[in-house]
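Coming up is one lone chain in structure tokens, specifically the form predicted alone.
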Amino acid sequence: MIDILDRLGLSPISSGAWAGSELPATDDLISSINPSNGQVLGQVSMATEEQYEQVVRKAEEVQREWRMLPAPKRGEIIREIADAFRAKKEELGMLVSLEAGKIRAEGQGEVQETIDIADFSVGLSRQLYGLTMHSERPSHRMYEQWHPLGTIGVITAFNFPNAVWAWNAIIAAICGDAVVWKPSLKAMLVAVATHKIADDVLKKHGWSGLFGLVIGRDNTVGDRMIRDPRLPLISATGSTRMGRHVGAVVAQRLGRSLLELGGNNAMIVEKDANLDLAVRAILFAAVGTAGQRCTSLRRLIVHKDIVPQLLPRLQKAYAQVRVGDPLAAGTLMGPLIDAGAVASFEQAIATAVADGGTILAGGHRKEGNFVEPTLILARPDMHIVKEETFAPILYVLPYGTLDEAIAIQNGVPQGLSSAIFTDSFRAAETFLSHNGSDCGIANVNIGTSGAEIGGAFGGEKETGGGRESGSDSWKAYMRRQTCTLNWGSSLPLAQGITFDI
């Protein structure tokens, strides 16, 4: 472990505040704990209010110059940042596994996602385009253009400690913005390593401080950040409870918020589904990252006619899931992040059973933060089924008609990801229609998790409505300006108004 920290340029005690350079460490230290064995990976000092000010002021200072650099030139620097992450992919991916508990393939995959979004952003640097429209007035031209928004506040969760920062920070940088990042206190070392890799490239080109890092307590840093009028946009990933608070506070100052909150994702399995594909998709979506993805599969809506075929196959697959050290070969599921997550897992199962649910597989805690992936036969009206439990619990819900299945799918407060398995063109199109899935992501014959960076990522309802990553999500980090130019010698008014003296 010490070797990994050393190879990433980290010391046993890291400062939680970086403003162009590492600010002095404070006496307020928090340990980063390996959820697999409870061992301390390192310590990070909590940022103070004064250090927060230094980070924001430095980011603002650098942003005023960065926004004047042509976007394609920004893209050249981002390309180098992508290469820097390529060079450190193995080490950083291993640190993700150690600190967040992801299996090796998922830790490496997360860093690859950062590399991919950086590559995507290089091309985006030449596509920040506006629109031209016809004016109703003679000798006039109208068009829209986009300007950098300013310095962006980014708050991320533990489950994607590297990639979600990239979705925001790298896109924002291409748009001409600076970023101040507050990561989860459960994944601090990945944040420090991520920041250092990117800032070393920026420093080489004289742009150090464009990305700021503040690791601190909510009452010192978090609340100050969301109330800060110098940050016109707060992008926050986390629970719905957290998002309600962030959204309300930012709205009070008429700022923008980009919220990526909870998901209670469902998959419909129709009678004609390819069960070989479905079982594989179900297993990864429900068990991957120990059910700690916002897109994890939590509700399996199965046609009643194929329940007798599908459930035995799932039970067999669940029994074969290897739970253990995320860095060990063959492990498919690592630990939950901490004891609190384990307690939530146990409470959800107890609640489901008390309400009439039947455990079909798993259902028990193992040693430490390890648990068994769990299948529960349940009813759609059970209150626990409508909640998001950040753990590998999958509720199986039989249905009779596709309309009934879609109603069950949509009958929860969250609206992030959804999927259907079917070989019916009509069923697939119904699922994707106005009367189908109400989620931000809707998939056919693939699972609910593992989204590609090229599409906009986000959801509706209590998921928050934000969109990050690909497509035109860059617009969230810029301000739109409508421009009208009069190249004639008269001054006609719109709507035919005359106003002559």
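All residue numbers refer to positions in the sequence shown, first residue = 1. Computed from a predicted structure; not experimentally measured.
There is also a form predicted in complex with a small molecule; it is not shown, and the following applies to it.
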Completion exercise
Assert contact_stretch over 119-127, 379-387, 70-78, 180-188 against the small molecule in the predicted complex, heavy atom within 4.5 Å, equals 180-188
Practice task
Considering only heavy atoms, tell me if residue 474 and the small molecule come within 4.5 Å of each other in the predicted complex.
Solution key: no
Handout entry: residue 239: touches the small molecule in the predicted complex, heavy atom cutoff 4.5 angstroms
Key = yes
Practice task
Look up in the predicted complex whether residue 156 has a non-hydrogen atom within 4.5 angstroms of the small molecule, and give yes or no.
Solution key: yes
Handout entry: Contact flag, residue 222 vs the small molecule in the predicted complex, heavy atom cut 4.5 Å
Key = yes
Practice task
Name the residue from 262, 176, 362, 288 that puts a heavy atom within 4.5 Å of the small molecule in the predicted complex.
Solution key: 262
Exercise for the section: Name the single residue among 346, 423, 218, 305 that comes within 4.5 Å of the small molecule in the predicted complex, judging by heavy atoms. Expected result: 218
Exercise for the section: Indicate whether the candidate residues 226, 245 and 463 are all in contact with the small molecule in the predicted complex, with contact defined as any heavy atom within 4.5 Å. Expected result: yes
